[in-house]
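Shown here is one chain on its own, the form predicted on its own, set out as structure tokens.
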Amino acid sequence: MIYFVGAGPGAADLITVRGKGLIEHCNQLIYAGSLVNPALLDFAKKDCEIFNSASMTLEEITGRFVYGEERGWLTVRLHTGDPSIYGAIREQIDRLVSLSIPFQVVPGVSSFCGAAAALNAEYTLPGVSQTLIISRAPGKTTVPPREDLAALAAHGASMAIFLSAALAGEVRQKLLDAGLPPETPAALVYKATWPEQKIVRGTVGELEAMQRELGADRTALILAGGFLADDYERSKLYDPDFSHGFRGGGGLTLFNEH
């Protein structure tokens, strides 16, 4: 069996219990290079065969899958964050399907969650935004024209922009072209939850200068939107005058604790 496992945003103790257990019992571990905290490799058995996929092609990775399957091994393919976001897992899955090799995907905590935690932020503040847009600027991997950052930012939603810190100047211009005021709050979070985590706060208009201050252009997220400011509405969920299935208006409890 092949398991695609989300390693979490960085801190070794933020991998899921299921993911950690699979690493502890696997015979073969293929991990995503510098993106995965090497401390996670310490969970593996001494005789586990470990490979860094940063230097491997899709064909070589598939070859390791086949090698392990032929021997009845448990193989873990360890991806950073959650495998479903910029994890390039579909092409690996399609190879496994074509070879009739069984697999499962184990979700992980994405770095956009780790970055929000580092900032003590909530993406979906009442009265500010109820939508989070996850995207990236075009690089070696292109972005469909309909998903241009300016078009997405025009919605005014909270934004988590991956793989784009090196293009902070271009991102700044796209967000301004969308009509976002230059004073819109923004943050750069480098290696969220890692020991070397670094945060730079500022505004959309200052994004390029913020990137220079950060001094890093890899494994850094750009966050932008009103959710980083201090103005928002109180949630209806805990409003004493708002009733729902578990609480009546005026703070009356509808159900006994037992």
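What you see is a predicted model, and the numbers here were worked out from it, not measured in a lab. Numbers for residues come from their place in the sequence shown, where the first is 1.
Below, we refer to the form predicted in complex with ligand SAH, which is not included among the displayed structures.
Chemist: Heavy atom within 4.5 Å of ligand SAH in the model of the complex: which of 92, 75, 158, 110?
Modeler: The residue from 92, 75, 158, 110 that makes the contact is 110.
Chemist: Taking ligand SAH in the model of the complex as the reference, which of 40, 220, 29, 228 has a non-hydrogen atom within 4.5 Å?
Modeler: Comparing distances to ligand SAH in the model of the complex, the residue within 4.5 Å is 220.
Chemist: Of the listed stretches (147-155, 97-105, 76-84, 167-175), which one has a non-hydrogen atom within 4.5 Å of ligand SAH in the model of the complex?
Modeler: That would be 76-84.
Chemist: Under a 4.5 Å heavy atom criterion, is residue 192 part of the interface with ligand SAH in the model of the complex?
Modeler: Looking in the model of the complex, residue contacts with ligand SAH include residue 192, since a heavy atom lies within 4.5 Å.
Chemist: Give a yes or no for residue 35: in the model of the complex, does one of its heavy atoms lie within 4.5 Å of a heavy atom belonging to ligand SAH?
Modeler: Yes, residue 35 is a contact residue.
Chemist: Taking heavy atoms only, is residue 163 within 4.5 angstroms of ligand SAH in the model of the complex?
Modeler: Yes, residue 163 lies within 4.5 Å of ligand SAH in the model of the complex.
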